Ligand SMILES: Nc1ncnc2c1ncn2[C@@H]1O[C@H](COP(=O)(O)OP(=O)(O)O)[C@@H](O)[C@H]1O
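Read the single chain below, which is given as structure tokens and is the form predicted on its own.
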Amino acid sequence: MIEIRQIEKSYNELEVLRDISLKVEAGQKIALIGPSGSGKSTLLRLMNGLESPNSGQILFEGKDIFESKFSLSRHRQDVGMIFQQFNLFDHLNVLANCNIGQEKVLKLSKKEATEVSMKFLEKVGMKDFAHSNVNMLSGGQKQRVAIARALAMNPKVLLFDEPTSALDPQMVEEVLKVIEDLAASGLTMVIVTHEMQFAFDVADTIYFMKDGVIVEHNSPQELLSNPQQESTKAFLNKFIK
């Protein structure tokens, strides 16, 4: 579904990504792990078209997303993104947050959008909060609403950028459970996370990144039991006891 070919990304003199290539197949669950500053979030933003590369290509279903005729707004419907900081509209209630994209972008009626939103709010355990002000929600509840909002756009791929990093420890489990359920449903997902046990439980392929490059990738079992690079081994040893 997504193919990344030799991507390079710099901000002025700062080289963030170097010669990055990977493929995301339909139904695959990929986890991107590695120390902070290794380029994981930037790579996710490139997949979504929120950033442009200095060189290289990103193909979605065989089409270069940075070609002039390609619709990035349509692409962001197909490739949804869950951010660290939720990005909800504070002046709207939960239901309106989930409806707005469907009404503005998908051109659904309010009635149609509400039916879809309620289905996904129920899926993430937030149906009873549909008419609540988002400012009254906990961090975990806000993130579940953000996931429902993304699902309501009927994406082909969901990108998660450290979805639990802004949450209190007691909120983390409720959000991880929602993502685990989505993974089990067959949705194609790419997840940037520092939750190592979660990454190993959910992903079928894990990419370890450091200093803007992919150091190695493998199945969770192989990466954990037999890392090929010393930097991978050193990173994993901090988390896996």
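Everything numeric here is computed off the predicted structure, so don't read it as measured data. Residue indices: 1-based, along the sequence shown.
In what follows, reference is made to the form predicted in complex with the ligand, a form of this protein that is not presented.
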Study note, to complete from the structure: Given 58 to 66, 198 to 206, 169 to 177, 41 to 49, the stretch touching the ligand in the predicted complex at heavy atoms within 4.5 Å is 41 to 49
Review point. Is residue 185 one of the residues lying within 4.5 Å of the ligand in the predicted complex, judged by heavy atom distances?
Key: no
Point to revise | Contact flag, residue 16 vs the ligand in the predicted complex, heavy atom cut 4.5 Å | key: yes
Check your understanding: residue 35: heavy atom within 4.5 Å of the ligand in the predicted complex?
Key -> yes
